[in-house]
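A single chain comes next, written as structure tokens; it is the form predicted alone.
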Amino acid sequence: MTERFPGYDVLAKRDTPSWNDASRRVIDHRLALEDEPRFLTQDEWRLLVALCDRIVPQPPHRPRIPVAVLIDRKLQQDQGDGYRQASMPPLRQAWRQGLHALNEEARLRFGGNFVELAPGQQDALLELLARDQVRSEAWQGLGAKSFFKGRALHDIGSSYYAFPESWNQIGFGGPASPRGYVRMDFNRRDPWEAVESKHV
């Protein structure tokens, strides 16, 4: 598979004027996270890892982005988004109920826990959630579609793109302070930005 930004490593900018001390501290903390749950139970953790793997599958030839870890730490710190849909329970409650309901739905539809299902069955189940076509009563007060779009997709997607390895994949230069960006028009690149391959 051809990389869009071959040879690019955003961490090479760590000690350059592109990043300041605050940026370095935040990224160093993310890179040092241990791949284990601090908030979720082991069963919830395995389910979250399986869910993340279906929403953002990661190829084996790249370093793995610890999506589930970032979500677990968000839950541990009870770090909300600064807003919440009125119909959605608070962050921790939404995730706990959503994971439980997802597993219940898997049992009703396919006769097994979500982590035990084949990838195609897992995907089919997630499509049902996205359409709000669920049978389990465990979704009451949360809503399958609301959880899937408002929590699962939101938190998994934002966690994936909060990690340096994903920045390498899209050519993102990392935090914009203190250097910032100058060439803001379409198809214009600042000299310190990644160069996209012409052979993708």
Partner chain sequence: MRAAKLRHDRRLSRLPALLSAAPPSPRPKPDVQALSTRAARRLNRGCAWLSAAVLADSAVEHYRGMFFNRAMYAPLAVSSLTLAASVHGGSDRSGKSHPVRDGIYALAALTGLAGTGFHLYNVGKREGGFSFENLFYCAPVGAPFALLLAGLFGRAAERVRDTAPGDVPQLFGLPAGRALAGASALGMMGTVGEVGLLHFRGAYHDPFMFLPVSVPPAAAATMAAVAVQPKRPRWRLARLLLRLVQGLGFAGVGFHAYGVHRNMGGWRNWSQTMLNGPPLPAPPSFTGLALVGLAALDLLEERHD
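Residue numbers count along the first chain shown, from 1. Rigid core here is just the name for the largest C-alpha set that superposes within 1.5 Å across the two forms. What you are looking at is a predicted structure, and each value in this text was computed from that prediction instead of being measured.
Below, we refer to the form predicted together with the partner chain, which is not included among the displayed structures.
Under a 4.5 angstroms non-hydrogen atom cutoff, the partner chain in the model of the complex lacks residue 14 among its neighbouring residues. Interface residues of 178 to 195, taken as those with a heavy atom within 4.5 Å of the partner chain in the model of the complex (partner not displayed): 178, 179, 180, 181, 182, 183, 185, 187, 188, 189, 191, 192, in sequence order. The Cα shift for residue 183 between this form and the one not shown, taken after rigid core superposition, is 2 angstroms or larger.
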